[in-house]
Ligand SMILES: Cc1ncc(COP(=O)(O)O)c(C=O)c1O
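To begin, one chain is listed below as structure tokens, in the form predicted alone.
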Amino acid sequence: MITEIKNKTLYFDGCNTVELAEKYGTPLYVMSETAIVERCREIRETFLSKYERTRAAYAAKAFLTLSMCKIIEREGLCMDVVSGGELYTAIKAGFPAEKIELNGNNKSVEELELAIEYGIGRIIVDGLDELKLIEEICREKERKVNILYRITPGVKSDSHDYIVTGKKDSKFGIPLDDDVIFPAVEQAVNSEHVNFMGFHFHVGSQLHNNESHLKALETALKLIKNTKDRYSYVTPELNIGGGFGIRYTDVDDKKPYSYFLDPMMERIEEFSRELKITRPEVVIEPGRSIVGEAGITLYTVGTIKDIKGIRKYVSVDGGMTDNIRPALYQAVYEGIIANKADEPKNEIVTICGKCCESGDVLIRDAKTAEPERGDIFAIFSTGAYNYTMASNYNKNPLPAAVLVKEGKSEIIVKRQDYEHMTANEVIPEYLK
């Protein structure tokens, strides 16, 4: 068990969380290497080893540090990045460039140049004018790059609208109108500067039902067939994205990877036999599902305000600056007072942050033991989109992050201090 209670205290991957808070301070991101590795190995067992010609590219946007790059490399996965900063981080960590793919709906010229100079494995083209930019850069640098087209499959997923990406009205992907997609395909097929590998789709995030994946797959397969019929060109690759949901609360019906991947692989193989083509290499992009439940965040309880008959607010020393998800799209979490982990949860409280926003609430109506100033509060399943979305709002420094494994801990991100936070600020001479 990654999470357990011993001597009235919450332990995470063998580490006493109260001692972690004392040693490293709070707020503190805590990532379990054991949990990350378990998910990577589930991907290998149920997908990579089960099916030939498959790849899994970790979606770095979920959680990316130099140390995370080393874990992903060691576990044999590829890397999906969406910015120059993520690409730079992966390269700085020594991650193999040929195992990196670059996504993103608005890649800058500088980002494309960086990707082509590094010699990354794939660029996922997201717009009609992007191919022209890539061709110009490749021509200038005398390079050739592998590309896929990200398509908009036009399916609706059962998730918050902010993290649904496959519907037609989306900033992501190329629409599938015949007069839009086919000229783009023809241009890529005939280009001297790119190798056109195929198509990519992503239908959304935090999904517990495979219907939208399967509907999007049918759209992509139809496009593969039409490309073959129109241009006598068999695309060698299909990227089916990620979005596999995790458990945040008991309401979440978490499914194994096989629930999503097996029916899609069966359909792709059936389609390939019918069309008498070699089955495309299939790529997935899991992110949240690898790191989401592998992380917790530790806070120190401060002010407690009991508004009789209305609500008891328990303030912690972090908030929307280290976890924007509840304020951004009403994400729901569970938590526990780590130093009172086995005490009866007789209190109903609202865990709120210290930012000057009424919406800075982390958990509403949480059942806890009686809270007191100085308690350590742990929120579960914060491994994805917490560290990577953190901000300095109200000039709050970014938290530290530690990696834990079997009772040992190592710092992987130093805590930001005030000097570092203001290092890039400059006072013009006339204001001095």
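All residue numbers refer to positions in the sequence shown, first residue = 1. Computed from a predicted model, the values in this text were never measured in an experiment.
We do not show the form predicted in complex with the named molecule, though everything after this point is about it.
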- [ ] Name the stretch, out of 279 to 287, 130 to 138, 262 to 270, 349 to 357, where some heavy atom lies within 4.5 Å of the named molecule in the predicted bound form.
- [x] 279 to 287
TODO: Tell me, out of T297, N103, N323, T152, which residue has a non-hydrogen atom within 4.5 angstroms of the named molecule in the predicted bound form.
DONE: N103
Task: Heavy atom of Y385 within 4.5 Å of the named molecule in the predicted bound form - done: yes
TODO: Look up in the predicted bound form whether F196 has a non-hydrogen atom within 4.5 angstroms of the named molecule, and give yes or no.
DONE: no
Task: Contact test in the predicted bound form: A59 vs the named molecule, heavy atoms, 4.5 Å - done: yes
Task: Residue contact check: G173 to the named molecule in the predicted bound form, 4.5 Å heavy atom - done: no
- [ ] Just give me the residues of 70 to 84, first to last, that have a heavy atom within 4.5 Å of the named molecule in the predicted bound form.
- [x] D80
